[in-house]
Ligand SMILES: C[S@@+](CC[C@H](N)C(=O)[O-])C[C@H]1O[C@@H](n2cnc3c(N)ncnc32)[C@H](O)[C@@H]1O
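Taking the form predicted alone, here's one chain by itself in structure tokens.
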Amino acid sequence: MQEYLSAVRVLDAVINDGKSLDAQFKATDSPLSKQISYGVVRDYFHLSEIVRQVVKKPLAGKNAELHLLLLAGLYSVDNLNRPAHASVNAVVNAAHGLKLGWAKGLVNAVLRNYLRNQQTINASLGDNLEARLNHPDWLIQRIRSAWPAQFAAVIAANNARPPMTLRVNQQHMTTQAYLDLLTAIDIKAHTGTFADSALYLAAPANVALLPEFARGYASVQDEASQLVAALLAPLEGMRVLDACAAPGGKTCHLLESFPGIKLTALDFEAARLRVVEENLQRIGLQADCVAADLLTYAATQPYERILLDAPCSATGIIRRHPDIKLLRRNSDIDKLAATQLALLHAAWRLLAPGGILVYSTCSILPTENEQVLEKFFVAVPEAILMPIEASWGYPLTYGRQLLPDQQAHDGFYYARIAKAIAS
């Protein structure tokens, strides 16, 4: 019962209050409670339509918690590895714990009705595109417009559970050597396809069980995110700026890959920057961590390499953060693109002649990616677009796009820009 009480609390914060899913969990919340919460958010549009069809009166206002409990119950009978009747009984008991004792009969009737008529009910959802694809309509239309040939695969990847991917610290050992360590303790994994440092675990594992994790031998980071170090490729002694550094995965990877650089990790929020510092401490490397707004940041010297991993819609990592489908709005995208363009101009101002800037996002929407670069090059015609010769992703007029892969990497966009040396 307790797992449903916890799940309803989390779901209420996300669905009704617009808060981030990850930030709602308490140390006392069980893995099962987290699974239910993530599952309901991932399948929200599908589950909500079932409730709408099965429950005759809308559940809103004072009955909002009952609606969330029903969503959790429907997810449970479909997805938990236990008899469906056990989930029904637990959800019915949770109604009492939520002071909804009057609704226990309704909860029981709805869930058992669904179990009896599951096939018919699910078939009736086919005309509702949001319910069938588990995405809001505005996002469905944007993805279909941008990637018509890849649309079905992107939707499937967004609705899947993500793999757990590691970045092996090459300062300590090779990726193959770390894979051998995992094999020795019966943790199955395989190497990545595009990033030499990437390892995919066959099943998620507690990081405390990973060999030498506390000493920085490995970190959790998606393979797509690991591509940035090779794209930036700073030389020893270069001044490097990670312009939107938190939580620090790319900062750490750059230092692991190029230990001789002088790296500044910049982030707007001091609290977020502390996470970067904690990650640096674990891997035993150092950077100059600066809490400042990139738009107004005044560096004492220009940087020879700059990474701008711009804040974005995160539509390339929906499978890791399914609450994006509920928290983002169509109107957010143009606002984000305007911010991204302003940040790109600010980063360009800090780039030394002869330097290289890498612009990246974890978005798959052209508005935030190629169209931002197009506007930038119109405004800064002296900027030089550098080709990205790679076997991954889709080449674009400006930059290169990786789409999320159900069995592999997240969705990411990258572009490389050079500043000419004045003659």
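Note that the coordinates shown come from a computational prediction; the quantities given were computed from them, not determined experimentally. The numbering used is simple: start at 1 and walk along the sequence shown.
Below, we turn to the form predicted together with the ligand, even though it does not appear here.
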Which of 209-217, 175-183, 84-92, 261-269 lies within 4.5 Å of the ligand in the predicted bound form, heavy atoms considered? The stretch 261-269
Among Pro311, Gly97, Pro302, Pro136, which has at least one heavy atom within 4.5 Å of the ligand in the predicted bound form?
-> Pro311
So which of Asp293, Glu236, Asp288, Asp334 gets a non-hydrogen atom within 4.5 Å of the ligand in the predicted bound form?
-> Asp293
Quick one: is Ala347 in contact with the ligand in the predicted bound form, heavy atoms, 4.5 Å cut-off?
-> no
May I ask you to check whether Gly249 falls inside a 4.5 Å heavy atom distance of the ligand in the predicted bound form?
-> yes
The ligand contact at Leu343 in the predicted bound form, heavy atom, 4.5 Å | yes
With the partner left out of view, is Ala245 within 4.5 angstroms of the ligand in the predicted bound form by any non-hydrogen atom?
-> yes
